[in-house]
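In structure tokens, the next block holds one chain alone, the form predicted on its own.
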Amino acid sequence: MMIPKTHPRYTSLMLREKISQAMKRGIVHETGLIAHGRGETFDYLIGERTLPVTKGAEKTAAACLIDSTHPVISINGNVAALAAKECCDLAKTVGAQLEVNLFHYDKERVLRVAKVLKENGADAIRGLHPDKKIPDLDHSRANCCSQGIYKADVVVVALEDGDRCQALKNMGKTIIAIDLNPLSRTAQTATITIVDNVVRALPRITEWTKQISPDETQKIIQDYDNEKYLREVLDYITHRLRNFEKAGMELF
């Protein structure tokens, strides 16, 4: 599909097309289209941009990754379709592992996702041969690698399901969630929630990791309040909904 760059929603439509093509290639499960549409709705609500208040969340995420001894970035089909290169760039910057983890598990799709990551610069990829299970999860997302997610102290999860986020947190892990829906179980459960589109958030986190010194990390982490941040995001959305007509803004 040819989308002219002059279209007012060019970027959003290109992301939608990436998800569509990735489903046809067997990278994204068909239910991933629904998940993407839900996220797109919340992206509309925040104006399809990174909110100023999100700066603190992204900076804290970067501080946690710098401070981590065994960081892992969890990859599903949608993340691979939209932001494979951005995930690989962040992983290389902070020395994180990449692990494929799918809700609708299929060995062939795992291999396709891994191939996308390799094409975008990944060296080693975990998740091809899971040998551990996350406690208290009854579905296939419980499968993980003993030297990857199972061992991790910090896990980056994007476009996630809330029960796995909670289960990982119950294991004592710091969870960095990238989720456009501030009301989701994932957003409410994570240690650090970044309410932003994954294609915007990951490069910004990577950039922060280059600016923060190891001496700063603990203070940044200690000063962060995820509940306060989520309230500020919801306040912004509420204010925007109430005032967009007066300001002449277009939501959709």
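Quick caveat: nothing in here was measured; it's all calculated off a predicted structure. Each residue number is its position in the shown sequence, starting from 1.
Beyond the structure shown, there is the form predicted together with a small molecule, which is absent from this document and is the topic of what follows.
_Contact of D196 with the small molecule in the model of the complex (heavy atom, 4.5 Å)_ = So D196 counts as contacting the small molecule.
*in the model of the complex, does K59 have a heavy atom within 4.5 Å of the small molecule?*
Because no heavy atom of K59 falls inside 4.5 Å of the small molecule in the model of the complex, the answer is no.
*Spell out, yes or no, whether the shortest heavy atom distance between Y44 and the small molecule in the model of the complex is within 4.5 Å.*
Result no; Y44 lies far from the small molecule in the model of the complex.
_Considering non-hydrogen atoms and a 4.5 Å limit, does the small molecule approach I73 in the model of the complex?_
Flag for I73 set to no.
_Within 4.5 Å of the small molecule in the model of the complex, all of D161, N181 and S184 (non-hydrogen atom)_ = Yes, the whole trio is in contact, each within 4.5 Å by some heavy atom.
*Among 123-131, 108-116, 161-169, 87-95, which stretch sits within 4.5 Å of the small molecule in the model of the complex, heavy atoms only?*
Result of the contact check: 161-169.
_Looking at L51, I221, I212, A35 here, can you tell me which has any non-hydrogen atom within 4.5 angstroms of the small molecule in the model of the complex?_
Going through each option in turn, the one that passes is A35.
*Which residue, L102, I175, L82, A152, has a heavy atom that falls within 4.5 Å of the small molecule in the model of the complex?*
Going through each option in turn, the one that passes is L82.
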